[in-house]
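Next comes just one chain, in structure tokens: the form predicted on its own.
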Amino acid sequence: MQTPPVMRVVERELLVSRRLWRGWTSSHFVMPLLYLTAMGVGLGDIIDDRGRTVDGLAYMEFVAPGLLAATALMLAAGESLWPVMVGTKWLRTFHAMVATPLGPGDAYDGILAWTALRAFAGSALFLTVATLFGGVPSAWGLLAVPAAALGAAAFAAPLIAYSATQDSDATFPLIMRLGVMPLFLFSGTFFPVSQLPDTLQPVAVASPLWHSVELCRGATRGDLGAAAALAHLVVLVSIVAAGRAWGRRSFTRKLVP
């Protein structure tokens, strides 16, 4: 049976990752673990000792799924910016791909699939640690792993498409500082979005991270209703589909003379 073109790209990224896994361990596991320890254990103990809960949850149970989804988003952002510039301009690896039977759309789909796969693997590892910390009270928490990976894909799909349109990385630091970090802080990761000013709540709710956080949190506590879950899934899948349509076009324009 012939290997699908997308999997050829994923296979290539997997081979490259075998040489880079030490750096990824630090950025995608050690740092989230430090956040979980500082916020879930440190701040969480202070909140719990005062007899307080957040949305009816111990703070560790509240923040762990939020950090799970946010970590997947940070991973997606990192994979969707400079590595895409490497492929489209600096090393032109995507040009090498389309010189084979692979097409520009295959290259885009492969990078998106690889990003989602990495988010899935990292989320599974994070969920294991969060469970040991007592942050996952329900067995339904296993569903938080694909939810986080879907959130990562929803963020990566349009961002990869955008990166392919750029001739330099001048805007990338701004995206990280003014886009990714505010989402990380204000999309329900550390506190409910209901605590934000009324004017900012719709902005937070419109972000793919909020939908991913809600799915992950509902899974880990085991009480997310079917209607709410479906609504979040529809939003995230729609963003992936729209981003993919844009990405396949932008890769074609970039890679085909």
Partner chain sequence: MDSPLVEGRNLTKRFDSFTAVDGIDFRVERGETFGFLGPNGAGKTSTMRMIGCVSPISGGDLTVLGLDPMTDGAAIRSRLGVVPQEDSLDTELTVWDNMLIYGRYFDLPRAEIRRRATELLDFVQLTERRDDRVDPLSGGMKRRLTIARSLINQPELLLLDEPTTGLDPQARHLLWERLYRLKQDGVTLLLTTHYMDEAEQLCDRLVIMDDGRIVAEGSPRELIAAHATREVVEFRFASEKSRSDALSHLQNTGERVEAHADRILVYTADGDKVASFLAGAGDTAQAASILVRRSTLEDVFLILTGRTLDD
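Just so it is clear, the structure is predicted and the values come from calculations on it, not from any experiment. Numbering follows the first chain given and starts at 1.
Unshown form predicted together with its partner chain; subsequent notes refer to it.
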inquiry  = I need to confirm a contact call. Of 93, 138, 171, 131, which residue comes within 4.5 Å of its partner chain in the predicted bound form, counting heavy atoms only?
reply    = 93
Position in contact with its partner chain when the complex is considered in the predicted bound form, options 85, 143, 180, 98, heavy atoms within 4.5 Å = 98
remark   = Of the candidate stretches 71 to 79, 85 to 93, 115 to 123, 147 to 155, the one with residues having heavy atoms within 4.5 Å of its partner chain in the predicted bound form is 85 to 93
inquiry  = If we define contact as a non-hydrogen atom of the residue within 4.5 angstroms of the partner, is residue 102 a contact of its partner chain in the predicted bound form?
reply    = yes
message = Under a 4.5 Å heavy atom criterion, is residue 16 part of the interface with its partner chain in the predicted bound form?
response = yes
task = Answer yes if any heavy atom of residue 248 is within 4.5 Å of a heavy atom of its partner chain in the predicted bound form; otherwise answer no.
result = no
message = Given that its partner chain is not shown alongside this chain, does residue 244 nevertheless sit within 4.5 Å of it in the predicted bound form, heavy atom to heavy atom?
response = no
remark   = In sequence order, the residues of 240 to 257 that place a heavy atom within 4.5 Å of its partner chain in the predicted bound form are 255, 256, 257
